[in-house]
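First, one chain by itself in structure tokens, the form predicted alone.
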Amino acid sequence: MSHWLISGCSELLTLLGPVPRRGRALGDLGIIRDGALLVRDDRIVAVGSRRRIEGLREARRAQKLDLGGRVVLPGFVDSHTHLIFPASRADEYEQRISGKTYEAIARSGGGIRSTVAALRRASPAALRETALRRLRGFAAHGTTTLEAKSGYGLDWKNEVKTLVLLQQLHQEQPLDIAATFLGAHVVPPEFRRRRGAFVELLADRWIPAVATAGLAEFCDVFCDRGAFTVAQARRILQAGRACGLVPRIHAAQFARTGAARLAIELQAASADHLEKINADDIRALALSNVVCTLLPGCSFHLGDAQHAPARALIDAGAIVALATDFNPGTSPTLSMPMILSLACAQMRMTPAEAIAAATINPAYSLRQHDRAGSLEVGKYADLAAFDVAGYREIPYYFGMNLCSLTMKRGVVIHSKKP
């Protein structure tokens, strides 16, 4: 049995409070100044002021970790990533700089389909090594839990290859990984003229097989212009829910198709992107329990001036979360601090709102709010320490990694040398 007495927290952001966070509550970080935590094995057993925690009998026997006045918060929960892919698409990045749109590149054989072709050629061992390196990068930026999707295989062999790899990574390395089946990312080339047949294949065969094998917790669909229609997405997500896979949905990134309303209809865990929603959609989402997962890294990387309407969603009372959408085409970043910077500067979220949207609300969307997303007694000892004078400096210093220590389930998994 291991014990940690963690002290020297100039600001301890507990995120203690209601779950999920809405409206004004999104900005309540539950800050304890000069705070401390007591950890037994993988769980938090006491949280409070340094003086009170150090006075506990159990604290006297604990190994001491003095963080030297750093700001400490729950480990980030990144609830939308595409972790498994073989290589970058930097050539397409240059094409977009020269004026080509994302959709034009996709129509010419690039985009998601180019990554599909590369992943089908890649060995599981090569994909595993690349993913492990990325996971170390996530941890170094303060992320302790993430969601990861399939969707770059788009045939049975390679979708299973991806999901099995995610399962192995979850078991073999410290970060928690929640797996999502995204067989409906785009229509694969072999079904280009038989879209309906691919939808039925997903609904009737692949989804039941994924669920029976326990390879995923969630089922996702890219429901947008150029991908799947609302009717097709409904068929796929209903099939997933019937098999016990919780719906998630890529919604309204490029066009308002009705995907956000479908998320509400199906009681999805999250509707992600939402750049093109309107005022009626915002009101409807605010009345639901669907988490609005915003991905400002995409707009930034694509050079799109239009971001999701974070301010309107928050003011209406919707549940707002932030995620990296780490992927090779539209958001090649694994830095949640950078996402916080974009959320504040481009979407007018306050630093406190951005932190809550990167911790407790995404934990709720992953159905892990009982064990992650806040620093409370009984939850995992998942935390990140930042070498800043106050929490507002985390998004303020954009593009800089100021995370000096990351702990996952009571084990230090990243420590920056002084």
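From a predicted model like this one, the values you see are computed outputs, not experimental measurements. One rule holds for the numbers: they count along the sequence shown, beginning at 1.
This protein has a second form, the form predicted together with a small molecule, left out of what is shown; the following refers to that one.
Shown alone here, Asp325 lies within 4.5 Å of the small molecule in the predicted bound form, counting heavy atoms only. When the small molecule is considered in the predicted bound form, Trp206 lies well away from it, no heavy atom lying within 4.5 Å.
The shortest heavy atom separation between His250 and the small molecule in the predicted bound form is within 4.5 Å. Phe198 falls outside the set of residues with a heavy atom inside 4.5 Å of the small molecule in the predicted bound form. Each of His82, Phe222 and Cys298 comes within 4.5 Å of the small molecule in the predicted bound form, counting any heavy atom.
From the list 327-335, 119-127, 69-77, 168-176, the contact stretch for the small molecule in the predicted bound form under a 4.5 Å heavy atom rule is 327-335. Arg89 is the sole member of Arg89, Arg235, Lys276, Lys161 with a non-hydrogen atom lying within 4.5 angstroms of the small molecule in the predicted bound form. Proximity to the small molecule in the predicted bound form, taken as a non-hydrogen atom within 4.5 angstroms, holds for one residue of Phe228, Phe138, Phe218, Tyr152, which is Tyr152.
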